[in-house]
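As a starting point, one isolated chain is supplied in C-alpha cells, in the form predicted alone.
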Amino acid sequence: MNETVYRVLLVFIFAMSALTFASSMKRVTRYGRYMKDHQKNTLPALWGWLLFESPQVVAFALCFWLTAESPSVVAIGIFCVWQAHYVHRAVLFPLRLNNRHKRFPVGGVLAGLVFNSINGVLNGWAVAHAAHLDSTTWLTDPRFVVGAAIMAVGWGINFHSDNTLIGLRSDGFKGYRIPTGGLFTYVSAANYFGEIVMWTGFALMTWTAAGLAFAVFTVANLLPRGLAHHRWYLKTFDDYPPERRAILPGLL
C-alpha cells in the first residue's frame, strides 16, 4: 500500500461513517435485541462475532509487519495495545457470552468483514509509517500521555460494562434485564460510551488520520445504537431508571 491508497481508504471510512450515521438514525441495524423472529440468513452468534471482529487482528498485523521497514519501540508498543484489545474482542469475549442460542445476520458479518479489514489495514499502515512515532520522545508528548490515559479509562469502562451485561445471564436467563452499577448508573449504553472514549483516546495517542477516522466511525456507529437501546429500555421496562441518559452521562 502507498500514500495514495491510504488516502483513498481514509475517504472511504469517513464516507462510510456519514452513511452509517444517517442510516442508523433512521433504522437500527437488526442484530441482537432488534432481530426479527425467524430472521433468515443468519449464523450462530459465536461464529458471527468471531468472523466479524477477527479481521482487526489479522489485517493490522499483516499490514504493520509487511510494510514497516524498521518499526520503532513506540510503534511496536501501539501494535501490542491494538492486538491485545482485539484478541480479547474477537476471541475471548465471544467465548464468554451466555447468548450462544442467538443468531447473527450474515449481512452484518459481511459488512463487518469489509470495514474491519479496511480499518485494520489503515491503522496498521498509519502506525508503521507515522514519522512522529519513530522516536521515543513521542512517549512524553502531551498528546500521547493524555490519549493513553483516555484510552485506558475507556477500555476500563467498556470491560466493566461488558462484564456487567454478561453477568445478567450468568444464571442461564436468556432474556434481557436492566443493567446496574458502574456507568450504567448514568447511561443505558455504558459499554458503547466506553468504546467511544477508548478510540477517541487512541486517535489522540497515535495522532494519525486513520485513528481519527476510526474514532469518527465509532461515534457514527454506536451513538445511534445507544439512543435506540435507551428507547428500547424505556419501552420495555416500566421501572427503568428515568434519570439515566442514553449514552453520554448527563448530556444525551
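Just so you know, these numbers come straight off a predicted model, no measurement behind them. Start at 1 and count along the sequence shown; that's the residue number.
We do not show the form predicted together with a small molecule, though everything after this point is about it.
**Q** Just one of 69-77, 173-181, 131-139, 105-113 has residues with a heavy atom within 4.5 Å of the small molecule in the predicted complex, so point it out.
**A** Stretch 173-181 is the one.
**Q** Give me the residue from L165, V87, V145, V153 that has a heavy atom within 4.5 Å of the small molecule in the predicted complex.
**A** The option sitting close enough to the partner is L165.
**Q** Even though the partner isn't displayed, in the predicted complex is F21 close enough to the small molecule, meaning a heavy atom within 4.5 Å?
**A** Output for F21 is no: heavy atoms all beyond 4.5 Å of the small molecule.
**Q** Would you classify F214 as touching the small molecule in the predicted complex, given a 4.5 Å non-hydrogen atom cut-off?
**A** Yes, F214 is a contact residue.
**Q** Answer for L97 alone: is it within 4.5 Å of the small molecule in the predicted complex, judged on heavy atom distances?
**A** Yes.
**Q** Does Y192 reach the small molecule in the predicted complex, with heavy atoms at most 4.5 Å apart?
**A** Yes, Y192 is a contact residue.
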